[in-house]
Ligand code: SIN
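This document starts with one chain, in the form predicted alone, laid out as structure tokens.
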């Protein structure tokens, strides 16, 4: 798909596209309409060859909505909603290395996440995405009927990883903060949500954040949560973004999960992140 100099090229069969030929710093409303339509169509868009200052990134994020505060990493000086994601060559654990949608443990999770590559390893460090709409649509009618009334209890505690404080203590290259309060971040959202702009239904739970179905015990809930994640991350529902400096990838947290691949030990990776557009899942 191309209009003027903007070209949108699909990455995989289910979701994801690369966009070239646009300078996000000088984007007019016509350009934005094409970028936004690609976001709606493909759920994940990797926009190549950008030179974005922190203010530029805030300006692009504002196109998607108001910025979100992330409670567990200190923001940049002068830009409290932006934070740096860094893995140093000496570190073994990365940030975001498990399937999830961002901050589902908040009352109004973000619509979009913007991640900008400043420094990337020689190889590795890609991000995987999965299509929660396609995963939902492939379910049997019986499973859809079972899931329809369920609500998920989402927690920031990361107990499956030994707790957020312990997990983040191993991420030494970042300005981690507030992890002692992680247990207080909890929110209940529908397991199946409907996206306003498209009318699509999507699975909205993950093994990392969804600790139980409301009214059920974690032990009762876990087998179904585990199955839903295994189903949603089947290869045919995924795409993979390969990073290089100057790439801005934007993904729809309402309709996708993502997983930062930790396969670049001994090399440095430096990204900048912003979440925008708080939504009320329904």
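Computed from a predicted model, the values in this text were never measured in an experiment. Numbering follows the first chain given and starts at 1.
Keep in mind the form predicted in complex with the named molecule is missing from the figure; the text below concerns it.
Site residues 95, 100 and 251 are all in contact with the named molecule in the predicted bound form, judged by any heavy atom within 4.5 Å.
The stretch in contact with the named molecule in the predicted bound form, judged by heavy atoms within 4.5 Å, is 100-108, chosen from 184-192, 100-108, 142-150, 197-205. A residue is said to contact a partner when one of its heavy atoms sits within 4.5 Å of a partner heavy atom; residue 24 fails this definition for the named molecule in the predicted bound form, lying far away.
Shown alone here, residue 268 lies farther than 4.5 Å from the named molecule in the predicted bound form, counting heavy atoms only. Contact annotation: residue 19 falls outside 4.5 Å of the named molecule in the predicted bound form, judged by heavy atom distances. Residue contact with the named molecule in the predicted bound form: residue 155 places no heavy atom within 4.5 Å of it. Only one of the listed residues (133, 112, 73, 115) places a non-hydrogen atom within 4.5 angstroms of the named molecule in the predicted bound form, and that residue is 115.
Contact residues in stretch 19-41 (any heavy atom within 4.5 Å of the named molecule, taken in the predicted bound form) are absent; none meets the cut-off.
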